[in-house]
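Presented below, as structure tokens, is a lone chain in the form predicted on its own.
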């Protein structure tokens, strides 16, 4: 019984959301807007669930002694930021904005800077000319990179045109194939969830 109710709700709302895309009737538009309003309520509850999970996970790891200092800093920031925002507001010059601009923004910049090194490392491993497809990928990447830099015009005036052709035809066809695959995969997964074949979202019990 505890599984039949969520499965029935999922099936009803899934079918309703699927049908409304094929109708322009005002009732269909009203139902669609009403469901979207409920999505915001569900999102609020998922946010609360995420907060509870975040706090519980960090507290349990602190008790085990795993990265205690960093987890205390994370929980402290989680508790301080809402208090500061409610007490002094979020306007320019407030303590909240000072913490955001001097703590949050530098940390984000640091993370993105680290991602650049990961991308460079992955590119080095992926662009090794071990086969003909890998060689084509390497040459295409070099042409694109050179066309986007100031030194690209030194090699050839046709380099930007070649790069545009690569982006508009081979690259675009591959992107479209990937998007079609993603669309078919999403459709298949959605149908499995609506029909009730896929039940992993119900939990383990």
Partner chain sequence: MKHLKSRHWIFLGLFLVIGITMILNVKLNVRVSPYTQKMFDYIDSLPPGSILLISFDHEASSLPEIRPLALAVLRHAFKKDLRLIGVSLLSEGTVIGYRLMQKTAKEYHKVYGKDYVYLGFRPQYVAAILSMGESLKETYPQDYLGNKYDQLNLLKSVKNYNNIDAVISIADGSLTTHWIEYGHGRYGVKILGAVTAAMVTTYDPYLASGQMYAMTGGLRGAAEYEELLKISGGGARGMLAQSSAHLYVIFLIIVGNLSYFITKRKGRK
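Quantities reported herein were computed from a predicted structural model and do not represent experimental measurements. Residue numbers count along the first chain shown, from 1.
The protein also exists as the form predicted in complex with the partner chain; that form is not presented, and the subsequent description refers to it.
Taking the partner from elsewhere, residue 93 is found to have a heavy atom lying within 4.5 Å of the partner chain in the predicted bound form. Among heavy atoms of residue 161, some come within 4.5 Å of the partner chain in the predicted bound form. A residue is said to contact a partner when one of its heavy atoms sits within 4.5 Å of a partner heavy atom; residue 88 fails this definition for the partner chain in the predicted bound form, lying far away. Proximity of residue 62 to the partner chain in the predicted bound form falls outside the 4.5 Å heavy atom cutoff. Annotation for 182-197: no interface residues with the partner chain in the predicted bound form [heavy atom within 4.5 Å].
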